[in-house]
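The form predicted on its own is given below as one chain in structure tokens.
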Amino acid sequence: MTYRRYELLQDVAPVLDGKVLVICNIGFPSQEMYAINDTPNNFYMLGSMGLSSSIGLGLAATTDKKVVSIDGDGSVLMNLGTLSTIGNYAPANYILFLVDNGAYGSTGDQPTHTSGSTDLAAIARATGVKSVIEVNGTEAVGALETCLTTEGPHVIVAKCEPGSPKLTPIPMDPGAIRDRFKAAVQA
């Protein structure tokens, strides 16, 4: 059986459910999280590719709540500078959960450089992030549970296969997503 991002998110969603603030990467990852377990604690990005990690970092800097950014390899490769900021700022309440399927999933599964020689875990370590965990996607739940109970920042690189199910777009406009997430942050 192929283990893809959708199955990975199905497994981690119960661990996150209502317990943390989640920033979810643009495109299919947001659609998948919405389909799996829609909650006001999830902020679904409908634009801004490459900025899930930065938005999550900014949120972690302004709250004591645990913040998890679900990002993809293609997206974080577009914004590698945020890894240095995470490593240097080191917010204890922040987890960057990277789904590394070696592909730009939202645009047709074209290969990213992680399908070649680029190693996101090594890059995160080189930027000063102390807790970097690289796991097979099926081991991601255990890694996430550990990170949720310890001080971070943490970067989890969860490897899985490319491919996405056919889903309908999220039926909320960006303003509605923002407003309900803002209420969850303030609760």
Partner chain sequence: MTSISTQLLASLKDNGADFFASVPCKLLGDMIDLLGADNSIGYVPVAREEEGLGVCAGAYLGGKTPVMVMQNTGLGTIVTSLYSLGIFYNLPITMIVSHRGSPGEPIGTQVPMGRASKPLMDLMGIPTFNFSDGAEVAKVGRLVRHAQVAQRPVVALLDFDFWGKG
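Note that the structure is predicted; figures quoted are calculated from it, not measured. Numbering follows the first chain given and starts at 1.
Keep in mind the form predicted together with the partner chain is missing from the figure; the text below concerns it.
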Check all three, M45, G81 and V185, heavy atom within 4.5 Å of the partner chain in the predicted bound form: yes
Interface membership of P174, the partner chain in the predicted bound form, 4.5 Å heavy atom rule: yes
Exercise: F181 in contact with the partner chain in the predicted bound form, heavy atom 4.5 Å: yes
Partner proximity in the predicted bound form: G128 to the partner chain, non-hydrogen atom cutoff 4.5 Å: no
The partner chain contact in the predicted bound form: T149, any heavy atom under 4.5 Å: no
Segment that reaches the partner chain in the predicted bound form - one of 68-76, 85-93, 98-106, 112-120, heavy atoms within 4.5 Å: 85-93
The partner chain: the contacting residue among C160, L144, V132, L51 in the predicted bound form [heavy atom, 4.5 Å]: L51
Within 4.5 Å of the partner chain in the predicted bound form: residues from 137-166 (heavy atom criterion): none
